[in-house]
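One chain is shown next in structure tokens, namely the form predicted on its own.
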């Protein structure tokens, strides 16, 4: 049995998780930077990671009930993400790799969200709807890579919700509050529905939603309208991807996967196409170390490791730029 310690630190969260080659999550601890106002500042987030990282790594090892000498691999989020956060996390990973004398593996953050969802669901070849603060993509495997069938052309859905939330006085992250208020809304206000081929755009909807709030319309109705419009756009692109690829599994992953209304809509899409549907469970939805550890194990199995000298971070590393050697 191989044991991997995975470190995640691409943005506001730092996580440390330990997973075995049998797919058992032995530990998974994380902490999120929650600024009192405004968004995430990369320098402040990296300082958060530098301060709490060693503590969370120790807690992860203790929770797993193992000694550091039992760790066979160190994996870390090499990209994409915020440069200062990635560099802080990579430094910790390199140090551990050297200290323990074990291989180092650089993991694509987006690919890791897909792989942890596939592990949990048992899916082999899903169409994946990956939605988070920094990403909104519809992805499927083809030709040795995870191909992006559609994505946001401007801001990610999670970021859109957070920016709107700041405008109306919500603390970060705003998504759960928007979801709660949306359940109390009943009047739909038309917002820009922007699907361009297989891609989507959220900036126009964000501008219109802020204007509706400034005009004094009820906030719960605005939140209701945001969710129905934004999620409808994702569902349209996802449905086209399912119809095109003929795949019979649909996976919802990423931090925004915690939203029950989005889950309900995509479940309906899967049902219409006779496909199985799975939403990643809340502990594995956000940014956490277990997904990095599990993907590290998959990469290790095909010899995909790094030398320290070539372990620089990749802030703009796309999902479809990594060869997926462990899938046929």
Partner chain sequence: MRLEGAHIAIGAESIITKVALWDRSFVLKTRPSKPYLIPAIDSSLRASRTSRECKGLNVARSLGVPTPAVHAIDLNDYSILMDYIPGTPLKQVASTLGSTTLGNLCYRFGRIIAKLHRGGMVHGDPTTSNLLITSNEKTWIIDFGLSEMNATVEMKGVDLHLIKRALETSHWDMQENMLSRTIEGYVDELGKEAEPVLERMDAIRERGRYH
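On a predicted model such as this, the values are computed, not experimentally measured, just so you know. Residue numbers count along the first chain shown, from 1.
Heads up, the form predicted in complex with its partner chain isn't pictured, but that's what we're talking about next.
Only one listed stretch (25-33, 53-61, 269-277, 288-296) carries heavy atoms within 4.5 Å of its partner chain in the predicted complex, and that stretch is 269-277. In the predicted complex, its partner chain lies within 4.5 Å of some heavy atom of residue 229. Using a 4.5 angstroms limit between non-hydrogen atoms, residue 219 is distant from its partner chain in the predicted complex. A residue is said to contact a partner when one of its heavy atoms sits within 4.5 Å of a partner heavy atom; residue 235 meets this definition for its partner chain in the predicted complex. Put simply, residue 91 is far from its partner chain in the predicted complex: not one heavy atom of it is within 4.5 Å. Proximity to its partner chain in the predicted complex, defined as a heavy atom within 4.5 Å, holds among 103, 80, 84, 158 only for 80. Of the listed positions (199, 179, 249, 72), a single one reaches within 4.5 angstroms of its partner chain by any non-hydrogen atom in the predicted complex, namely 199. With contact defined as any non-hydrogen atom lying within 4.5 angstroms of its partner chain in the predicted complex, the stretch 102-132 contains no contacting residue.
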